[in-house]
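Quick setup: one chain, the form predicted alone, written in structure tokens, and binding and motion questions come after.
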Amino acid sequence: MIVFILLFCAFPFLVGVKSYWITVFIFAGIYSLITIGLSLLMGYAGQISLGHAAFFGMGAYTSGLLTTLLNWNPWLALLAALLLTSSAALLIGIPTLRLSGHYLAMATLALGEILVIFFKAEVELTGGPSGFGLIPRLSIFGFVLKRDIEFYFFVWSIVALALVMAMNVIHSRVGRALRSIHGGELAANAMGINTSSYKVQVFVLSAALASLSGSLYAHYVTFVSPTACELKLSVFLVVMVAIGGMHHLWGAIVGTILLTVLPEFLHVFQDFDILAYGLILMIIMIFAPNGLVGALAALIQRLRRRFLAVDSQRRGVI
């Protein structure tokens, strides 16, 4: 964790505080909040969701509308968006999480599509397909986060807090229950674990993180439209988690950074950048099916076993 903090503190000074890469990493930080929640939901609880772009959109639109139409303080609007999204996730999760596998994925996918249709249809309220702007920026004790470097440190501080919170969850009684559900829901039920309750809890937590991400997006970009929360974002987020390694929280961070940064390097392929992007993802999934962090962890474990074996042989010879 200390290495993580040092790296992201040093990064702006390595690339320049006015560099375009600061903006790229701000978006990586915003999306990392969602993928941390998805890692808990998918990697630890074993539940698939294709609707987290909807929760992202609820956070962005709620914060944006409350601050532009009702002149709410952005922090109050962010909190209201968090409560609204969490309540919606609770109401949706109780019946939806009775499903499993591709049925659950289809149900959450439908949620996202319904919300996007609503955002496009309510032209007077949401601006329709064109969206709306003039969303105020966040401020801390009167200090407005205007510059990218300021928002960079703010966003990644939130990501670090979310990561610490998620680590505490997975190393707690709740985390052990989630892993047992992933291993076998029937067996977990037989052991007396209230699987329905734990699944709903982690679903609401992941939705809350997505809402927070959406609010930060709205107050950074100062503009929101339905294209920001369409189905392709949900799929993209799931791919981020899978590429990084859904069984590792660090995998969520690594996958998000990789898939946010990678397109910036593929512009050199011009019209073939999508093909190059797909080929890279395919290679990663073939040779690292457990994700990049999973592959790295397995490599370290093999090297450690080999080192211990060589060390024991030397001790035997001596």
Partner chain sequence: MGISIWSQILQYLVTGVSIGSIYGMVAIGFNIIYNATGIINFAQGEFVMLGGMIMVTLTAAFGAPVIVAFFLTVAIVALIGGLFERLAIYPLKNAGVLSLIIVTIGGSIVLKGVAMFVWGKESYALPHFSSEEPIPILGASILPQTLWILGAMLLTVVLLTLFFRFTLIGRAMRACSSNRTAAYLVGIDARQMVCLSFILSAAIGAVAGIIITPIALVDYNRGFLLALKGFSAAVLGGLGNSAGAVIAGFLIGILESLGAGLVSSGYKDAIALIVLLVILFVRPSGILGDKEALKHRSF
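It should be emphasised that the depicted structure is a prediction, and the values quoted were computed from it without experimental measurement. Positions refer to the first chain, counted from 1.
Note that the form predicted together with the partner chain isn't included here; everything after this is about it.
Enquirer: Looking at A77, M246, V159, L216, which has any heavy atom no more than 4.5 Å from the partner chain in the model of the complex?
Expert: Checked against the cut-off, the match is M246.
Enquirer: In the model of the complex, does V144 have a heavy atom within 4.5 Å of the partner chain?
Expert: No, V144 stays farther than 4.5 Å from the partner chain in the model of the complex.
Enquirer: Does the partner chain get within 4.5 angstroms of any non-hydrogen atom of M42 in the model of the complex?
Expert: Yes, M42 lies within 4.5 Å of the partner chain in the model of the complex.
Enquirer: Whether V235 contacts the partner chain in the model of the complex should be assessed with a 4.5 Å heavy atom distance threshold; does it?
Expert: Output for V235 is yes: heavy atoms within 4.5 Å of the partner chain.
Enquirer: Is L70 a contact residue for the partner chain in the model of the complex, using a 4.5 Å heavy atom cut-off?
Expert: Judged by the heavy-atom cut-off of 4.5 Å, L70 is well away from the partner chain in the model of the complex.
Enquirer: Residues I5, L14 and I140 are flagged as a possible site; in the model of the complex, is every one of them within 4.5 Å of the partner chain by some non-hydrogen atom?
Expert: No: none of I5, L14 and I140 comes within 4.5 Å of the partner chain in the model of the complex.
Enquirer: For 110 to 140: residues with a non-hydrogen atom within 4.5 angstroms of the partner chain in the model of the complex?
Expert: The stretch 110 to 140, when checked against the partner chain in the model of the complex, contributes A110, L111, E113, I114, I117, F118, A121, E122 at the 4.5 Å heavy-atom cut-off.
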